[in-house]
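The chain below stands alone and is given in structure tokens; this is the form predicted on its own.
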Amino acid sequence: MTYARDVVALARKDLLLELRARDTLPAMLLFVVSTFVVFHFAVGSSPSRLAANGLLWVAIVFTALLGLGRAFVPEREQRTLDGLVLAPVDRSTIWVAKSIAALAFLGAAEVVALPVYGLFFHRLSGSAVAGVVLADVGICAVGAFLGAIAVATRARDLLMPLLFLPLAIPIVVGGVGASVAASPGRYLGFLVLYDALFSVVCWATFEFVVTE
């Protein structure tokens, strides 16, 4: 119960900061919707289903990257990260809370973006939506972990994409497969396995990352 309470308190802090500052979510919304608008006029409203789904996943990954790159920036700028690390809580709660907050931001952006995508290109199937949800979990789990690594460096804006994008490739493969394959079950299962594996690894090793 104490662990869950700490996670809720930390996640609530991040969500309240975003509601007050309005820095991350508007930028994510503007980026993803602008991407769909630009490609709608560039390639028309009837590209192949595979090409349209590829566009969707590129937009999702880069939109998430935009938000995840700022996951730990407020703590770094206000010099409160050391205080979080030294607080009498399990340090993995910081990663869990950041992942939950990032998932909330990404989900909020997709609530707007996915209908826009359906309007401009193709309506998403149930398996495609399930793939988006499962991919979001993996994106935010890995991204929050890498954000803690990148924020400690001067070149965080460069390092974050270099670390994140190679690890996002399996998510794109699974997401596109779940969207277009005749039998999407194996791709959804792959995304579940990805989420479980990387969540355990990030949870188990986060303490070593933030104490270095």
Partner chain sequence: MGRSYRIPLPALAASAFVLVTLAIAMVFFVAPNDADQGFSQRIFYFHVSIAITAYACFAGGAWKAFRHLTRRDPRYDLESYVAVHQGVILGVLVLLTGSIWAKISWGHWWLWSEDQLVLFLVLFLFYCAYFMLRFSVDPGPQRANLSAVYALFGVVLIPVSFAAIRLAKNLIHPVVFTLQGPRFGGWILVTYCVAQAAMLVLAYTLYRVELAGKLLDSRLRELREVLA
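What you see is a predicted model, and the numbers here were worked out from it, not measured in a lab. Residue numbers count along the first chain shown, from 1.
Below, we refer to the form predicted together with its partner chain, which is not included among the displayed structures.
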query	finding
Contact stretch among 64 to 72, 35 to 43, 22 to 30, 179 to 187 - heavy atom within 4.5 Å of its partner chain in the predicted bound form	179 to 187
Heavy atom of Pro170 within 4.5 Å of its partner chain in the predicted bound form	yes
Leu55 within 4.5 Å of its partner chain in the predicted bound form, heavy atoms	no
4.5 Å heavy atom contact, Thr153 and its partner chain in the predicted bound form	yes
Touches its partner chain in the predicted bound form: Thr205 (any heavy atom, 4.5 Å)	yes
Its partner chain in the predicted bound form reached by all of Leu146, Leu159 and Val209, non-hydrogen atom within 4.5 Å	yes
Residues of 182 to 201 having any heavy atom within 4.5 Å of its partner chain in the predicted bound form, listed in sequence order	Arg186, Tyr187, Phe190, Tyr194, Leu197, Phe198, Val201
